[in-house]
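First, one chain by itself in C-alpha cells, the form predicted alone.
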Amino acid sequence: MKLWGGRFRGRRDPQFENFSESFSLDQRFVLYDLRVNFAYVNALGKARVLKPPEVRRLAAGLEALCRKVQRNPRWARGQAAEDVHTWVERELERRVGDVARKLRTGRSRNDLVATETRLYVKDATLELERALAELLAALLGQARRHLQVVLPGYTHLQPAQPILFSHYLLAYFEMFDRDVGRLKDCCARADELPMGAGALAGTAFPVNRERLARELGFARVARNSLDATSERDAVTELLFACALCMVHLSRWAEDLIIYSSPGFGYVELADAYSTGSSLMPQKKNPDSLELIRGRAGTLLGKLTGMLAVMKGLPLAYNRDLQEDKDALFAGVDATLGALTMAARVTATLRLHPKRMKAMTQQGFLMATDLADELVRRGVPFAEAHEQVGKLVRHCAAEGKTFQGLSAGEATKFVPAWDAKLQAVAVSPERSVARRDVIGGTAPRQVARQIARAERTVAELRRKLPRAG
C-alpha cells in the first residue's frame, strides 16, 4: 500500500524501497500519529466534511489501534511499511473499511509529520528538564554536604587559587540551569500547530485550526503554510540545546576523570559506575564519564549534520527532511542517558578532602593573597606582584613551598615579610574567606548560592508535569 501510487505504474526497485523507507525510525511517532489523526477526524466532522457516522467509525478504529500499540510494545516487529503514516492508514482500513480512505482529506504527510515532530519536541524537552532537575539536585546535595571542603582551583589546568568544592559544583549547577532555560525556550517556540498547512499551500476544507490547536495542546497556530511544512527549527534548536548540554556534561566528566586519577586523588567514583581492565588487575577506569565525553562528540556531529541538511533546501518540503528523525532521536536519547548517568555518578561520588587541602599547598595558590595583603599595606599592586613573583621563583628553584620558607629567605624578596604574611601564605581557608563578594567562593557567599539553588530546584520540580 502506498499513499501516492496512482501516478505510477510498474514495480519499484526493492533497493530503492529499502533506501527510502523511514518506518524503522518514525515508528516512534505512532502514538502521535494516532493522536493527531483522531483530532483531525473530529475537525473534519465539525467542518461537515465527514458525516457523524464516519467520524465515529474512524475514531473507534484509531482508538482500537492506539490500544493495540499501547498493549504490545513489540507491535512493529515484522511490519513492513514505507513509514508510520502508511502503516496507520493500512491498519485502519483493515479495521473500518473504505471509510479509512477519507482520513487524508485536506491534509498531507507534510503537515502531519511536522505536527508530530513538534509534539515529540515538546515532550522531549520536558523529559530532558526532568533529567536535568535530578542532576541539579545531585550537585546541590554534594554542595550542601561539603560546604567547608577546600579545593585547588585551576586555570590552564595549572594551580591558581583555592576555592570551595561546593563553589566548584555550583559552577556546573549554573551551566545546567541555563540548559533548562534553553529547553524551555525551545519548547515555547515549538508550541505551534502545523496541521492544516497541507502539503505547502494550506487546506481547501474549512478546518478550524485554532480549535485543532487547542485539542492537541498547542499554544497557537503556525502562521505560514510554506514555513510550517518545510522548516525544522524546532528539531535543530533542540539538537543545539542537547549538544550544548552535552558539552557541559563533557567538561564535567573531563574534570572528574582528571580528579579521580591517582596524581590528583580528589574524588573516587563508585564501583557501580567504573570498570576494570581485562589485563591489569589494579585498574579502576571511569568508563561512565568517558562514554559521556565520547557521546558529546557524536552529538555535535548530529547537530552539524542537521544544519548541513537544512542549509540549501528550497521551499517548501524536500525529502532531505526525512534525515531529521535520526538526528533528533539520537540526540535526545544520548542526552537523556548521559544526564541520568551524570546524576547517579554525582550522587555517589566520594570525596577526599584531606588530599584536596594538601594539594592547596602545592603550586603557590596563596600567592595572590600575599600580593593583596601587601596592597592593603600601601604597596602598589604591580610592585607587590613582582615581589611575590620573585619569591615564587626562588621557592620553585629550591623545591620549597610557602610552608617550608624561612623568614630570612622571604625578606630577600618581600621586605615587609612578617608572621601575618606567613599565615596568609599557608591558609587556603583564609584565602577563600576573603572572596566575600556576590558570586565569590567565600563560605557565606556559597551558602547564599546554595540557598538560591535550592529554590531553583524546588521551583523546577513544582512546574514540571508528572512523567507519563
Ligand code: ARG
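Fair warning: this is a prediction, and the values are worked out from it, not measured in the lab. Each residue number is its position in the shown sequence, starting from 1.
There is also a form predicted in complex with arginine (ARG); it is not shown, and the following applies to it.
In the model of the complex, arginine (ARG) lies within 4.5 Å of some heavy atom of Arg319. In the model of the complex, arginine (ARG) stays beyond 4.5 Å of every heavy atom belonging to Ser260. Not displayed here, arginine (ARG) is approached by Ser22 to within 4.5 Å at the level of heavy atoms in the model of the complex. Arginine (ARG) in the model of the complex is not approached by Gln142, whose heavy atoms all lie more than 4.5 angstroms from it.
Here the chain stands alone, but in the model of the complex its contact with arginine (ARG), taken as any heavy atom within 4.5 Å, falls in 106-114 among 106-114, 152-160, 277-285, 354-362.
Proximity to arginine (ARG) in the model of the complex, defined as a heavy atom within 4.5 Å, holds among Glu373, Asp177, Asp83, Glu237 only for Asp83. Of the residues given (Arg295, Lys325, Arg130, Lys302), Lys325 alone sits with a heavy atom within 4.5 Å of arginine (ARG) in the model of the complex.
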